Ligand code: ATP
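Only one chain is shown below, in structure tokens, and it's the form predicted alone.
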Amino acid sequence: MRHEINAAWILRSYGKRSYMEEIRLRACGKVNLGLDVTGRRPDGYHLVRMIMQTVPVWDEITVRRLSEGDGRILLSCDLPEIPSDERNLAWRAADLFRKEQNVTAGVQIMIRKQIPAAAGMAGGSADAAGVLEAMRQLFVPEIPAEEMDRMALRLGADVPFCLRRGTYLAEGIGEKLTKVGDLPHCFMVIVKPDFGVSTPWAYQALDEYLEQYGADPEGLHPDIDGIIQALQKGDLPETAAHMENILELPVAREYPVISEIEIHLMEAGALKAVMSGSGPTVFGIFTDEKKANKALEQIGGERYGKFKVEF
């Protein structure tokens, strides 16, 4: 799926080249190959070092230009529980772009969801990035990447990464991005249990865990540099060996099914299985497609959202 991840955003566009009327594109989710929390800012935001990896699990975003001076932002989603107003990050992305770039036309946004919600896969951030990219192509295609990144960061720390896509080291609160080596060829089984995890709760639970067990016990923090070095060498087994997520310490203690899924994936032949982001999504890395298929078939039944992707 490497080609699909790095391919052009556009699935389909309508209208003359000089006046596009509609853009349809894929907004891809992510997993964290490694996630460490290194501190906390005075404003409460946690400082992180993490390896973010785009995955070919996507929402389909359609943005249609309305008439000049209309001013409306109309948003709909195929999942009725998803808000269609300013509570939705994709709506806020369109609103921010219109104000920042002096766009007077209204837009209609349609979202078809595939990325699970509250899953640690940046579904909302991916949708916001997709809307920003669609708005750029519809209205102001000459905007430089730096300006797009600035707008994306105003929406959330994961949104700039979702704009760029690929394999990146993210630092600060997640906004400082450095390209690293691509994930070597493999198969990934992604499993999302039938519940969500609040990101603020996960970070608060980590703070309480560290306070209880000590801020820096030996072996607690993931070896992010080890992942980077293994990626640069194109060494998949070594990359997988270093994959860890510090948020898993408190989250899996609260939700034991996360560890149960990891055990299943490892027993099925995964090189490593890790929780993504604040959870509860778990992914396993496989070199053998048959083993990945078997793991996918045997886990969870209808209770889980399940994907198998190839890199």
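The structure presented is a predicted model; accordingly, all values stated were derived computationally and were not measured. The numbering used is simple: start at 1 and walk along the sequence shown.
Another form, the form predicted in complex with ligand ATP, is not on view; read the next lines as being about it.
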Counting any heavy atom within 4.5 Å as contact, can you tell me which stretch out of 167-175, 136-144, 181-189, 75-83 lines ligand ATP in the model of the complex?
75-83
Considering 96, 205, 153, 118, which brings a non-hydrogen atom within 4.5 Å of ligand ATP in the model of the complex?
118
Looking at 122, 107, 132, 227 here, can you tell me which has any non-hydrogen atom within 4.5 angstroms of ligand ATP in the model of the complex?
122
Against ligand ATP in the model of the complex, would residue 112 count as a contact residue? Criterion: heavy atoms within 4.5 Å.
no
Is residue 54 part of the interface with ligand ATP in the model of the complex - any heavy atom within 4.5 Å?
no
Any of the heavy atoms of residue 101 lying within 4.5 Å of ligand ATP in the model of the complex?
no
With a cut-off of 4.5 Å between heavy atoms, is residue 231 one of the residues that contacts ligand ATP in the model of the complex?
no
Need the contact residues for 139-173: heavy atom within 4.5 Å of ligand ATP in the model of the complex, sequence order, or none if there are none.
158
